[in-house]
Ligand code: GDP
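The chain below stands alone, shown as structure tokens; this is the form predicted alone.
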């Protein structure tokens, strides 16, 4: 059985906590896309951690953690995160990296940084983690696969060819010094030494494990709105954020994914540029940002203040539908306890017409939120464990959202601690 935990919105929905909790029942946890450009924040008995590349199952010594073939593998992040875990008392995790995954190189980060600077005010709000250049190289067929580290002589010849192209851009577009093959080979030798103990045929491992009746958890990064096909293009990431891609990015049969959990916040937040219809501003936004999440709404990777808004049911319904969600999780509900009234965006007004269907970016740019106002519950709900013990207005808020997004909300997160979860 395979369960996918994915984001219904713009990312930063609180997936790390949910994956960490569900990992108790799993044998394998798999990262299947993305790279170190977004993080999962997890708080447990060892402390508070922001994981950018390692799967969230690393806190469970019985779990095999897999970095799948669809992931942009940042070797420095793997090394530093493993060191951080063990230095803080976490037992050394079981880890396997797909030999078909590809490497994020230092030149990907360089090109990402140079291009954002070149675009200036028209930039894509990149985290400068090298993700767009990485996936560009992957699909241009000049990426470096982990398996290629087995033959360094052949790899040197390939690097020569890669740098022939890269250096033209560096010299004539970015006016930057050119790259040298020896420097890149030294980098690859270092990566080989770090990865060697972990590399394997992960898709074969997963298939065999599933035949034995083991349970796997797919861990998605970001959310539906950041998908390059179905999101707010072009302000998206460079790999599919949908559960359906889990089969490709992990190397498992699509039929094996039987449960899809879409995580959505009780309000909205987003890091970086892009259309965000329910966004709020000024003092109202700053108060929600300050109260939000665990320590405020700031990106786990960048530390940037997140843009915030009230709940967008139009985007969330679309997000759950595209993910094929069998159920939803509503997170950080406790944050809203300070509000007298809570607006929910239930429609978009575009060119004078109201719709509850999420549009393409061209129309999204013109969309204005249509609000329905719900009464707040004006108290702290942290620590409540039973749904029926929640204030009536709080339950009504959950049930209102559930109806609007057309997806059953099976779990509610009402506090920062791992155990602050209400099961419905």
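Numbering follows the first chain given and starts at 1. This is a predicted model, so every value here is computed, not measured.
The protein also exists as the form predicted in complex with the ligand; that form is not presented, and the subsequent description refers to it.
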| property | result |
| --- | --- |
| Which of 34-42, 395-403, 61-69, 352-360 sits within 4.5 Å of the ligand in the predicted bound form, heavy atom basis | 34-42 |
| Proximity of residue 331 to the ligand in the predicted bound form, heavy atoms at 4.5 Å | yes |
| Close approach of residue 306 to the ligand in the predicted bound form, 4.5 Å, heavy atom | yes |
| Residue 20, heavy atom within 4.5 angstroms of the ligand in the predicted bound form | no |
| Residue 82 within 4.5 Å of the ligand in the predicted bound form, heavy atoms | no |
| Within 1-17, the residues that have a heavy atom no more than 4.5 Å from the ligand in the predicted bound form | 12, 13, 14, 15, 16, 17 |
